[in-house]
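Consider the single chain below, provided in structure tokens and representing the form predicted alone.
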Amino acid sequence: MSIFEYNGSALVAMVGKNCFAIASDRRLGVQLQTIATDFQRISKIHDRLFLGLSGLATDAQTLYQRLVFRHKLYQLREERDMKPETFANLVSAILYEKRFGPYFCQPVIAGLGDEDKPFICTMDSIGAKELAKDFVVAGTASESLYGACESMFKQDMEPEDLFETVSQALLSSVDRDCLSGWGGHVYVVTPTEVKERILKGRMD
């Protein structure tokens, strides 16, 4: 078993019309043993920027603390919030810095940039970015997430349609992966509001 699969995870970010959704499962396991069913994989950096970390849970928490620290320094120095593109470069640089003993994480970054244009991106454990205009996935359920998102995604979805699509994609994908699941956590972010919802899923 790969170290990335040790705790199990499923992450997806999807773009809509001037909005985006980011969703994750809630299971924390040690291989096939479930430890917690309310684990938080998605973190808010600021009102228009969210970060999801799949992979090894301990590394995800360490990396998150470093990123929050760096973002707070940026806010103090620049007196503004970081743009999603800038934050993606920061995450990439921090991961590449540790490339010889990497954080075993696969981050998913989603945010609203200038003129409320949604930005999503993912990267590997050494910070090689992968930008997308529709959706990005990460975690042990990534293969089934690719298939579900590919078949369900439509351009320029409204926030409610986007929520429905990303939720159905997540729930149907984690059912095909025994290391992730136990419900879902979905954020839908528009220029004016952030909606957070908990999904009930299969508990096996």
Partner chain sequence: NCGSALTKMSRRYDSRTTIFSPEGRLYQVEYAMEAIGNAGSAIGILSKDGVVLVGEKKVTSKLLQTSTSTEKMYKIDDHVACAVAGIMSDANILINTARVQAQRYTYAYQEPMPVEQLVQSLCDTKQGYTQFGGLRPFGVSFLFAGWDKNYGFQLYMSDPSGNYSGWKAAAIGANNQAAQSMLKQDYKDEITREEAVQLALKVLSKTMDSTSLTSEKLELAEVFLTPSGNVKYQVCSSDSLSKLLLKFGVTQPAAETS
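Keep in mind that this is a model prediction, so the values were computed, not measured. Positions refer to the first chain, counted from 1.
Below: the form predicted together with its partner chain, not depicted.
When you look in the predicted complex, the only residue of Q168, S43, T62, T34 with a non-hydrogen atom within 4.5 Å of its partner chain is T62. None of K133, R99, R80, K72 but one reaches within 4.5 angstroms of its partner chain in the predicted complex through a heavy atom, and that residue is K72.
Under a 4.5 angstroms non-hydrogen atom cutoff, its partner chain in the predicted complex has R66 among its neighbouring residues.
Though the partner is left out of this view, L76 does reach within 4.5 Å of its partner chain in the predicted complex, counting heavy atoms only.
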